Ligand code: C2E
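Take a look at this single chain in C-alpha cells; it is the form predicted alone.
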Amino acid sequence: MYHHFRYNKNKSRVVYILRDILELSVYCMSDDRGNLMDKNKTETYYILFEKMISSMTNYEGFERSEFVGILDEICELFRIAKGVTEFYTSLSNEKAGQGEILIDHDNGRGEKVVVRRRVVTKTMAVIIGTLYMAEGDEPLTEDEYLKVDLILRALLSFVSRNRLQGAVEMLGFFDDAGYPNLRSYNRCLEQLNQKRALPGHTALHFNLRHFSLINSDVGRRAGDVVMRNYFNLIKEVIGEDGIICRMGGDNFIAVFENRCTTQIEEIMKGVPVSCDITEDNRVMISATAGFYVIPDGFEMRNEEDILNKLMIASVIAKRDDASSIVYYDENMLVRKDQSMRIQRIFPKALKDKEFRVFYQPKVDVDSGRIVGAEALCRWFREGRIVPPMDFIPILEQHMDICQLDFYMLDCVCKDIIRWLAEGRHVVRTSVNLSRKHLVDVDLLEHIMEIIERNQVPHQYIEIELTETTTDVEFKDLKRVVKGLQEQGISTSVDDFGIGYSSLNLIREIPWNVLKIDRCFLPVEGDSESDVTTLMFKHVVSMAQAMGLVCIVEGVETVRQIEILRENQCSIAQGFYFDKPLPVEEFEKRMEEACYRVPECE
C-alpha cells in the first residue's frame, strides 16, 4: 500500500510529518465499512500525493507549473471543478478583503462548495482553502472526502509557509511604505560581489533637497506621490542590473551600471515630478548626491567598504555651496581622517582653553568710532593657529559646535565684565550661534544661564544667528529670537539673503540688527543700474523702514564705504578697518577712540 511513497533521510521534518498524516489517513480509511475506492484509483491517489509532497519540499528549486499540473490531476481524479486558496496577513485584512487569492484549478463548472478549511496562524495570518464541484456531479464518498481534505490541509500548510516567507521578505527587505531598504541594498551588493561584478558599477547616496518644503506646499499625501515618482524615475533608468533603496526619510541609496550615471546625474540636478496621477501638477525635485565609481579589481570585504565612501561624498555634497553632486576620491578619506582627529582632540582642547576670542570691530562709517564688535573663534594648537575652516565645518557636523559656542559666549561675558570693572568703554558684542542649537528646546535657558552667571548687563550682548535652511528650523529660530527679545537681549541675523525665505525671516521675526552678506555689496565697477547695486539699495531701505539697524560685512574698499554712505547705511565690518583682533589689540583700538575714515565727497 505504501511502497510508492519513498522516504529520504535527508528530507526535512515537514516530510515526516506529512508521512505520518498519510499513514494515519490510510489506517482510518481502511475500515470494515467497504468505503475504500477501487485499488487503481487509490494507487493513483498515493502516487499523486507523493509527487505533490516531493514538489512542495523541493527547496532547491520549486517549479510552480509542475506543482499546478499535479493539482490538476488530483482535482480531476476526485471530480473537483475549482480550487481556491486565499492568504491574508491579518484578520483585519481578511475582513477588508485585502489579500492574495489564487485559483490554480478551474474548469468553469465549480458551483458547490464541498470542502473548506480556514487556518489562523500564530502570527494571525489567515489561510483559506475552498474546493468546489459541479452541481450535477457525483458527490464525494466518505473515503474521497477524507483524502481530498488531507490534500487540502497539506496544501494550506504549504501555502502558509510560502506566503509567510513572502511576508518575512517584505518585513525584512522593505520599509513600511514598500520601498526596498538597506538590507535589500546590502543583499544586492553581496550578489554582485560574489559574481565579481561590482567593478563597472557606480554607488550613490542622495538626499532630496528641501523636501520638507515640498510637503508643506503640496501636502504630505501629495509629497509621498512626488517621492515615489522620483524614486520610479531612477528605478526605470537603473533597470534590472542594480537597485535603489530608501534608508529612511528622504535619504536613498543605489547601485547601478556605469552606463546609467549620466542620466541619473541629470535627475539629481533637478527634474519636474508629478504630484498626482493626472500629472497636471508638477514640482521641481533635486537632490544632493555622493557618487562612488567602483574601480577595477575592487573586492568588497563588507558593506561598509562602499557605504563609508558614499557617506563621505554625500556629506560634502550637502554642505558644499558650489556643487550638489560630489564624486568620492581618496583625498576625501584623508580629510575624513582629519575630521575624526579634530573630533577626538576637541574635548581636551576645549578643556585646556586652546580656543581664544578675537574681536572684529564694527565701525561707524561717518565718524570712524567703534560701535560694536563681533566675537570670532581662533584655535591655538601646538604653536600655530588652526584656520577656522579647518575645524568649524567639522564641529558643525556634530553637536560639538554647540559646546564651542557656549564656551565663546562665556569668554565674551567674562571680558565684558572685566572691561566694566576696569572702567573701559564697552560696546555691544555679538556672539555667533550655530543652527545646530535650534534642536535644543532649552536653548534660551542655556544662553541666559551663561549671561546671568557672569552678571553681564543685557544691553552689551548680541546673539547672532544664521539664516535657516528649512521651515522647521525657521519655526525654532522664531521661538528663540522672541524669547531673547523678552529678556532684553539684542539679536542679529547673519548672512542675510542666502538662506531660507529671507523676506519671511525679517517679516515674522523681531530682529534688532540685519547683517547684510557681502554678496549684496556692490564692488568696483558696478554701476547704479547693476542688479547688485539695486538689490543692496532696496534691502537697506526696507530694513531701515522696518526699524532694523543695518551692518554690512566684508567692507574692504573706499568705494564700498561711499556706497554705504550713499544709502544711509552707517555701520561697516571688514578688512578696510580691521581684521579680527586678539583681545589685547582690540582693547588698544577701543582706547584710540576711532579710525580714520575717507572724507565725504
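Start at 1 with the first residue shown and count on from there. All of these numbers come straight from a predicted model, not from anything done at the bench.
Beyond what is shown, the protein has a form predicted together with the named molecule; the following relates to that form.
Novice: Going by heavy atoms within 4.5 Å, which of 485 to 493, 183 to 191, 372 to 380, 451 to 459 lines up against the named molecule in the model of the complex?
Specialist: The contacting stretch is 372 to 380.
Novice: Looking at S324, T89, Q360, N512, which is the one with a non-hydrogen atom within 4.5 Å of the named molecule in the model of the complex?
Specialist: After the contact test, the surviving option is Q360.
Novice: By the heavy atom within 4.5 Å rule, which residue out of L503, A421, M389, I101 makes contact with the named molecule in the model of the complex?
Specialist: The residue in contact is M389.
Novice: Any chance S216 has a heavy atom within 4.5 Å of the named molecule in the model of the complex?
Specialist: S216 lies outside the contact set for the named molecule.
Novice: Although the named molecule is absent from this view, report whether Q573 comes within 4.5 Å of it in the model of the complex, heavy atoms only.
Specialist: It does: once the named molecule is placed as it appears in the model of the complex, Q573 has a heavy atom within 4.5 Å of it.
Novice: Is there any non-hydrogen atom of M408 lying within 4.5 Å of the named molecule in the model of the complex?
Specialist: Heavy-atom contact with the named molecule at 4.5 Å: present for M408.
Novice: Is there a heavy atom of E553 lying 4.5 Å or less from a heavy atom of the named molecule in the model of the complex?
Specialist: Judged by the heavy-atom cut-off of 4.5 Å, E553 is in contact with the named molecule in the model of the complex.
Novice: Can you tell me which bits of 402 to 437 touch the named molecule in the model of the complex, meaning any heavy atom within 4.5 Å?
Specialist: D405, M408, N432, L433, S434 sit within 4.5 Å of the partner.
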